[in-house]
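Here you get one chain, nothing else, as structure tokens; it is the form predicted alone.
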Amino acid sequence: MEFTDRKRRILHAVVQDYIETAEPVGSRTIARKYVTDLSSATIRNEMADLEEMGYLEQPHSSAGRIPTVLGYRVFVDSLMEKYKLSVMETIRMQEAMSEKANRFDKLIEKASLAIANVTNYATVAISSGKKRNRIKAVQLVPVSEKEAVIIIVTNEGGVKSKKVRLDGFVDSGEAVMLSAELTKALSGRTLGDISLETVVRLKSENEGADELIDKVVSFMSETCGEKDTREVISHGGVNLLKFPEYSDIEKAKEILEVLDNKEQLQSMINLPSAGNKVNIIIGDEKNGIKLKDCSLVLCNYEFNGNEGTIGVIGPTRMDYARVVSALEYLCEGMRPQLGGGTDKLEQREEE
């Protein structure tokens, strides 16, 4: 059976109306509100075809139809229209991004809460467990003929120093010049970004400084290596209780228990995500989701060397367009240059 443009229009209308009302959708509703150029009888026949194709189902013989998981999948992949965030919604996002880089934990807390408030669903934010500090500046200070202090400043405002002994001699003038060269070459980089080629080039351009450059790189490995900082943050569980899907006490208890269980949340979020793109998991499409009749929308974030995933949990009837726009807006704003994400957010708002 062919999936015609007419069927697409009707499927789009059924999903959109069911998202808004939580009530099975009948052919008369579609004809009156969405597809006004077709009769109720024609729409009813098309809906019967869509049911046979697996996109719709009829919960009761006398009721209208609701989308299946497959119907939602077609909707989010090819039929869903872009949602434009309101001014107030973007303001909430920008406020969440106002924390300084050295308060990353506070930023993620606020970002998770902002997404919960904007979408009216539950949110979960999980760090990757790998925090990679970036170099902001390197300074070398001779303290004697055979000793120098290496000072490394990271992007989050951290300052680390170490006194090292040298076989060769370095005077203050050479130290100033080498500090400038190292800062220029290494600023904005993590330890993993620094290749052997970079080290070799620095040595060739700074004759006689091989030993000191090696000690700087060694000290970087101590101060800027990956650190385990995994955290699980959840907000907005009470939002879900407003939806009829969770009016049943047992269902409400089940989802609240999951949202309060960090290990379960982590197993749900640790599903592969499509790079920096939003990844939508509907119902039981993936075994990682332990909740019935729920969907999970995920987006990876990166902020000043910190990586992780933020997700929205809601009923399969969730407003996917709003959720996707909110997550894209937030995660895109967290990926820009060192020092914060508000500039990127404000630029996108102007567009």
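Numbers for residues come from their place in the sequence shown, where the first is 1. From a predicted model like this one, the values you see are computed outputs, not experimental measurements.
In what follows, reference is made to the form predicted in complex with the DNA, a form of this protein that is not presented.
- Partner proximity in the predicted complex, defined as non-hydrogen atoms within 4.5 angstroms of the DNA, places exactly one of 306-314, 319-327, 23-31, 293-301 at the interface: 23-31.
- Using a 4.5 Å cutoff between non-hydrogen atoms, residue 6 counts as a contact of the DNA in the predicted complex.
- The closest non-hydrogen atom of residue 50 lies beyond 4.5 Å of the DNA in the predicted complex.
- The DNA in the predicted complex comes within 4.5 Å of a heavy atom belonging to residue 42.
- The DNA in the predicted complex is approached by residue 64, whose closest heavy atom lies within 4.5 angstroms of it.
- Residues from 231-257 do not approach the DNA in the predicted complex: none has a non-hydrogen atom within 4.5 Å of it.
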